[in-house]
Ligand code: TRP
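Just the one chain here, the form predicted on its own, laid out as structure tokens.
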């Protein structure tokens, strides 16, 4: 196993926040949050979501940071170091994140193509279907995106991840602010954006709470080992609670700002990839200098995706470096080639291999469904159980109060959330996800 002293780490608090925020801020902030906000009463949903973030997302993020910071290890060794026999939880997280990379890299590649095609005004009706079902074009952009991630990982923690985060995250914030300002500059944009904050409690239902819980859980990359490995790179003295609060705040700010942009465009009722790659290009085509704003929008998506794929790749790479004693370069290439192979299968399953199905789903959708509805919720439940019940109470308290920045008066509340509230809330997401999956069979 690599020495703790030689494994590297983030240079300071800002670097840690930017890197972790980059892992949290992903495509779901931009194309899922606006849709479910519109479906569930605008400001009413945001209020419920904020409560779920505080009661669920924040404690689980603190938990993952704490396990990583305490152990200074890759996800597998981190759990087994704190409690022998629990390395399987970290291993399960790495399997999950690797499977997620299989389809996430494909979508990320789409953002590169659309940024270039938007700049050259090459997007027309039917472009998305034609592009995603073709053989070579999406594969080429997927490979480019994988290699972008790879060469950042090769640079190490400070020379690669930290340096990239310091460049990408301010650029991401600048682009999303520019798009929001432009949207709000238009009278119709201001009128539409008011729907983001105006509460409509008539739309609140049981599904609203389920959506809020699910978004609060999935938005922070919990359970994959990505936040755990970043926590292991925090410098001594980095306040875990303060860092987690900053990450949650930035993640939520981006999601709400994205909702303002989408509401202003009038496509808030479109979900998923259709929103980003079909509806938004049509909106931009009717705007003055539309190709400029479209290019910025897809650059935003690309940066959000890249900041997430970096953390995914690093979680798996760190395992091979520390557990299998590989050099960082060799480990990174191993993960890169594995991700390329899986992404190739996922991409081709949308086109020439679309007749290959598992339970009626192509390989791309199988990876998404299996990780999102099964693996990640189970990992979230087990993470909360591990920290709340398995980790020795005295050791956990010392980590959170001495190093974590949580005062002794607040600690019992955080522990209560991790022991009781978080497992219950994530279990609800899991149960309803399974029911939804069965209904669709």
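What you see is a predicted model, and the numbers here were worked out from it, not measured in a lab. Numbering follows the first chain given and starts at 1.
Not on display, but discussed next: the form predicted together with ligand TRP.
The candidate stretches are 198-206, 218-226, 70-78, 255-263, and the one lying within 4.5 Å of ligand TRP in the predicted complex by heavy atoms is 218-226.
Remark: residue 311 counts among the residues lining ligand TRP in the predicted complex, judged by a heavy atom distance of 4.5 Å or less. Taking the partner from elsewhere, residue 380 is found to have every heavy atom lying beyond 4.5 Å of ligand TRP in the predicted complex. Although the partner is absent here, residue 40 sits far enough away that none of its heavy atoms falls within 4.5 Å of ligand TRP in the predicted complex. Taking the partner from the other structure, ligand TRP in the predicted complex has a heavy atom within 4.5 Å of a heavy atom of residue 24. This chain is drawn without ligand TRP; in the predicted complex, the residue among 404, 34, 59, 28 with a heavy atom within 4.5 Å of it is 28. Note on the partner interface in the predicted complex: the residue among 106, 153, 97, 244 having a heavy atom within 4.5 angstroms of ligand TRP is 97.
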